[in-house]
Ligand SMILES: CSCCC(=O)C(=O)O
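Just one chain follows, in the form predicted on its own, and it is written as structure tokens.
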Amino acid sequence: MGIEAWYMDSSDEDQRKPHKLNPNQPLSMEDLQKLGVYHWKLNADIYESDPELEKIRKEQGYSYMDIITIHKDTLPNYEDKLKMFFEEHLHLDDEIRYILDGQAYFDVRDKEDRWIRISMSKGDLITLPAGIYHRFTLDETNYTKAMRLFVGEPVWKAYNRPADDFDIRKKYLASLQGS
């Protein structure tokens, strides 16, 4: 099964809960692609030798990778890091994540500034375009192991909202006009 996505409710309840509207308003992969979000489903059990992953990395120019395990027992300053990841922000480069184990959520904004929650699990690889406002959190299992991929050297800089004056944000918004 691939990723699932839906519009979020406005509840301030625990960020790790699903936050689905009632009734649920799901989105398709085509809806996400209109926002510049792309997804692949891979076999995470063979990520070290997966020819499909190698093909994607070569085609997309993902030359750098590392692996992060997000769990209270493995990530220093776990609670602070989770809060930081959940701050709404953008990057000047695409964000590429591949879930090797566990589960997590990426939240992105649609053209009307509504939150969309994307539920990811083992084998899901996702790209978020540079300039899109987003945030990240674990689900209620409180665990994920993810590969972080980059074109060139890794850039960890996040620009918290508001960051509308960046050229990459303006370019991203312009890319939405045709969809």
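Sequential numbering from 1, following the sequence displayed. Please read all numbers here as calculations on a predicted model, not as lab measurements.
Here the subject shifts to the form predicted together with the ligand, a form of this protein not shown in this document.
Notebook entry, point to check: Among 56 to 64, 109 to 117, 25 to 33, 143 to 151, which stretch sits within 4.5 Å of the ligand in the model of the complex, heavy atoms only?
Noted result: Every other range fails; the passing one is 143 to 151.
Note to self: Quick check on residue 46: any heavy atom within 4.5 Å of the ligand in the model of the complex?
What the structure shows: Heavy-atom contact with the ligand at 4.5 Å: absent for residue 46.
Checklist line | Exercise: residue 94 in contact with the ligand in the model of the complex, heavy atom 4.5 Å | finding: So residue 94 does not count as contacting the ligand.
Checklist line | Contact flag, residue 130 vs the ligand in the model of the complex, heavy atom cut 4.5 Å | finding: So residue 130 does not count as contacting the ligand.
Margin query: Please tell me whether any heavy atom belonging to residue 42 falls inside 4.5 Å of a heavy atom of the ligand, as the geometry stands in the model of the complex.
Written below: Contact check for residue 42: no, nothing within 4.5 Å of the ligand in the model of the complex.
Next item on the list: Would you give me the residues of 62 to 78 that have any heavy atom within 4.5 Å of the ligand in the model of the complex, in order from first to last?
Entry: The stretch 62 to 78, when checked against the ligand in the model of the complex, contributes 68, 70 at the 4.5 Å heavy-atom cut-off.
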